[in-house]
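The chain below stands alone, shown as C-alpha cells; this is the form predicted alone.
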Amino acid sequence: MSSFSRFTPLVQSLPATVPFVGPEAIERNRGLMVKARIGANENGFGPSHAVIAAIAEAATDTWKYNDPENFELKAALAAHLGIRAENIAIGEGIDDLLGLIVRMVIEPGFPVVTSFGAYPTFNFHVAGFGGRLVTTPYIDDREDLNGLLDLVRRENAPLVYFANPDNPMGSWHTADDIVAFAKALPETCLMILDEAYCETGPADATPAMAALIDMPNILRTRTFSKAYGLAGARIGYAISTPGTAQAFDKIRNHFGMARISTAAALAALKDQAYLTKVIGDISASRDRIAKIARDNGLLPLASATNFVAVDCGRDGVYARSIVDGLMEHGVFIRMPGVAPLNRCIRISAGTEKDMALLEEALPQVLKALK
C-alpha cells in the first residue's frame, strides 16, 4: 500500500471534524426531529419584515456578484458606529474573519493565547494554521483577564482571543476592564475582541468606539448573526485602525459576500426599532429560561447574551445526559465542551412555543435520570 499523501504534514495531522455538531446532523443520525431549535445561539425571533422584503427584492439580482469592495455596507456601518469606512473589514461571519486573522498573524508553532473552554471555532482555525494554543482557565465562570495577560507576556504571544460577552458561559466584563486590558497588552500582540453578543449585553460592557479605535493591535469582531437574526446569511465585520482593517484585503475572498446577504444587512441596520424590540424579546426569553431552570432545581447563570448557561450541579456526564434526553423530546440544546464549564447546559433564547416545549420536557428528562 502506498505511503504517499497529497496533503501537507500539518493537514495530515489534523482530525477531519467540525467544531459543532449541527441539529441537522443530530436529526439524521438519531432519527429525531428538532421541534425547539434552542441550542445554536441563533435568534429564533428572526429578522424584521423589512429585512425579509429586502431579501426578496435582492433575490432577482442574485445572478450578479456582490461588490467586492463592500462599499455600501462599510459606509452604512461607519455611519451607524460613528467611525470611518476605512476602519471596517467585511467577512462571511465572524468565523471567516477569525480564520483570516489567524492566517495573517500565526505561523506554525507560534503561541496563541485564549481561555480554556472558550469558543472552539477559534481554536479550530489556530490548529488549521499550525498555531500552538496556550490557555488559562475561567474564574467564576468568566474569562480571566489577568490570566490572559500573564500568558501573553510569558509566551510573547502575537495573538490573544477574548470574547465579551462570553460564549459559552454568557458572562461579561465591564468596558473599563476591557480597555485597561487592551492598553496593558504589548503592542506586538494582536487582540481579537469578539463582540458577537454586544447588542444583547448591558451598555457598560461595550467599550466606546473612541476608546480603542486608534489601537492597531485591537480587532473588534461583530456579526449580524445574533441580535439581527441573520445567522444563515453569514455577515460579519471587523473594526480597527485603517492599516489593520485593510490588511484583510491581502488574503480575503473578495467575492465571498452574497448580494442577498448585503441587502439584508443594509435593511437590518436601518430598522433599529426592530432591533430594540427583539433585544427585549431575547431578554424576556432569558428570564423565562432562568425560571424554568430554577423551577427544576437547576441554577441559571447571569447572561448578557442570547442564551443562558444553566448549572446542573454535577458533572459533564450528567449534563450530557440532559442534552441527549431533551433531544428525545425534540428540544435541541448544547453544552460547554470542557470541565468545569461542562457541568452546565446552554439554552438559547426562543419563542413562546420553544419555551413551552422546554418547560414540558425538562422535568421529564430530570425525573428519568434520577
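Just count from 1 along the sequence shown to find any residue number. Every value quoted in this text rests on a predicted model; they were computed, and no experiment measured them.
As for the form predicted together with another copy of the chain, it is not shown, yet the points below apply to it.
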Inset, instruction - Please state whether every one of the three residues Lys64, Asp67 and Ala231 places a non-hydrogen atom within 4.5 angstroms of another copy of the chain in the model of the complex. - result: yes
Legend entry - Stretch from 176-184, 274-282, 287-295, 213-221 whose residues place a heavy atom within 4.5 Å of another copy of the chain in the model of the complex: 213-221
Inset, instruction - Spell out, yes or no, whether the shortest heavy atom distance between Thr200 and another copy of the chain in the model of the complex is within 4.5 Å. - result: no
Inset, instruction - Please check if Gly147 has a heavy atom lying within 4.5 Å of any heavy atom of another copy of the chain in the model of the complex. - result: no
Legend entry - 4.5 Å heavy atom contact, Ser225 to another copy of the chain in the model of the complex: yes
Legend entry - Contact label in the model of the complex: Gly316 to another copy of the chain, heavy atom within 4.5 Å: no
Legend entry - Selected contact from Leu77, Leu151, Cys189, Ala205, since only one has a non-hydrogen atom within 4.5 angstroms of another copy of the chain in the model of the complex: Cys189
Legend entry - in the model of the complex: members of 245-281 within 4.5 Å of another copy of the chain, any heavy atom: Gln246, Ala247, Asp249, Lys250, Ile251, Arg252, Asn253, His254, Phe255, Gly256, Met257, Ala258, Arg259, Ile260, Ser261
